[in-house]
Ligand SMILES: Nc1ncnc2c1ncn2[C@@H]1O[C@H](COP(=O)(O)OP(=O)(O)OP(=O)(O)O)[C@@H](O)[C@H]1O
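In structure tokens, the next block holds one chain alone, the form predicted alone.
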């Protein structure tokens, strides 16, 4: 059996994980890496974090309000765009019903009625938009989907199968099947989880892997563990550091030594805990990449570039 292409050679990369683990940062770094390798890349915001991404690249944080859903240039060969649900619905209805009926139907209220009446419809409309942007006729070589957190992302990815079982036949069923085919094709779509080395985040990543296999029928390609700490001290060094505590009278110098030893012990314990969580992922057979913790108040483009360089050759 032929191996699937590397992540950057596919048409769509879905980036998801527990909320707050740095998905948007990693999606930005993946997009930046792909663009640096000559791929015309669109980072598609499905999590509501597009303004954060534009800030990282120093782009306009207030795009033209008269052009919602339009791509914004971030760097050479790199764009970002938010999915505008009403606009996606209008495009979808125009294809099915023609321009005039679509405009009549695609009001905000009708969208809400439509989404409520047909389970998975809102998510399917979003996935059809993604399908078009990641298709062979798209102007982009790669779409990096900064997907919502795990539960909502799974609902989006599962929507073609859910909706196809309702529609069964006709153009809607055909579209749902086309989207499902793309999502389950390892040559076109890859799945990347972002986690941090904490118990809850790692557990959710393992559950995501199981859900992708059970509900979508796909494998999780890679797990990027964000903000990991380097092991700074050996066991012997920690024994020596610990021996410094409690020696001598509590002079100012000794108190400083005690504080430094306590800080070293805390850092060592945190690192040891993180490595235990990384071991859980590796024991499950997952490909794990580590992105180190960056000691700076705010991430910027140079920091994002360093993360992209860290991923180069591994995805």
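Everything quoted here is computed from the prediction, not taken from an experiment. Numbering follows the first chain given and starts at 1.
Only in words, not in the display: the form predicted in complex with the named molecule, which the text now covers.
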> Can you say which of 222 to 230, 179 to 187, 128 to 136, 200 to 208 gets within 4.5 Å of the named molecule in the predicted complex, counting heavy atoms only?
Replying inline: 222 to 230
> Any chance residue 274 has a heavy atom within 4.5 Å of the named molecule in the predicted complex?
Replying inline: no
>> Taking the named molecule as it sits in the predicted complex, is residue 299 in contact with it (heavy atom to heavy atom, 4.5 Å or less)?
In response: yes
> Using 4.5 Å between non-hydrogen atoms, is residue 21 touching the named molecule in the predicted complex?
Replying inline: yes
>> My question is simply whether residue 258 lines the interface with the named molecule in the predicted complex - judged by any non-hydrogen atom within 4.5 Å.
In response: no
>> Please tell me whether the candidate spot formed by 51, 57 and 310 is one where all three residues come within 4.5 Å of the named molecule in the predicted complex (heavy atoms).
In response: no
